[in-house]
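Next comes just one chain, in structure tokens: the form predicted on its own.
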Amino acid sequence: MTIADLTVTGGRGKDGRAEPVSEITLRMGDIVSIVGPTGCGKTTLINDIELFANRNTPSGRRVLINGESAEESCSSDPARNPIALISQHTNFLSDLPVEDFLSIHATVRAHEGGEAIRETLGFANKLTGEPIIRTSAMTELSGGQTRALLIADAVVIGNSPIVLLDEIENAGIHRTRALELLKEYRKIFVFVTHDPRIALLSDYRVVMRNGAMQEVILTGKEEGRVAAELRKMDDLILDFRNRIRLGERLTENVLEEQMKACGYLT
């Protein structure tokens, strides 16, 4: 199936009222963030998308692919499902080695296993601090390694046109690098996030409150400049986080040097 767009038609919020945003259409190449306080319905929205809701979920929303209800095979046949959801829950029942796990998926998707595995691991290892080893069991991976591998697997081997990512900022992966890499692939990426950098690096964001889509905000030039400043701050924190992980001692001189490097001191 060739997908041009995905449309979510509004249902109702927790109070039973119609959602203020009656319809939103996501097009191929869009990077979208879903934002709002805890408990506002962000995860419910991406679950509706994953389930191809058709007025049959508590929200009453409807999800359309290319303007029409999804074919039944999208839900019943994993090979034809265009949506990949990378959730916060990544427990595996299988202790297969990473290479075997990827090889099986590549075979199901009719890929050349060796090249697909190399590309997937290369992608994943750009997101993690500690490289993923092919022979490691899936159950031995850290939470961050697992999320990075699943993102790469969905994009490269699964080649899913629509990828839903639930709070990847909690996974210990490099957020900005992830966005930069994902932009190289023409897909629809939807992030559930509390992270201002992810939100401001998205094309637009859906604001959730009380279980309803309240507003859609396009990322403008001014917010782009704010995002650039936030990147400096975040890079500073990431640098110190890595120094701590490596067992280094932090000093005021190191702090001053790094703040100068980021342009905060002269």
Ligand SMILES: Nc1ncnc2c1ncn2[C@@H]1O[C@H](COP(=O)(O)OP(=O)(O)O)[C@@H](O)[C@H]1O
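A quick note: this is a predicted structure, and the numbers were derived from the prediction, not measured. Heads up: residue numbers just count along the shown sequence, starting at 1.
Beyond the structure shown, there is the form predicted in complex with the named molecule, which is absent from this document and is the topic of what follows.
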**Asked** Looking at 195-203, 31-39, 237-245, 221-229, which one sits within 4.5 Å of the named molecule in the predicted bound form if you count heavy atoms only?
**Response** 31-39
**Message:** Check Gly67 for me: does it contact the named molecule in the predicted bound form (non-hydrogen atoms, 4.5 angstroms)?
**Reply:** no
**Request:** Indicate whether Gln214 is a 4.5 Å heavy atom neighbour of the named molecule in the predicted bound form.
**Result:** no
**Asked** In sequence order, which positions of 3-20 have a non-hydrogen atom within 4.5 Å of the named molecule in the predicted bound form?
**Response** Arg12, Gly13, Lys14
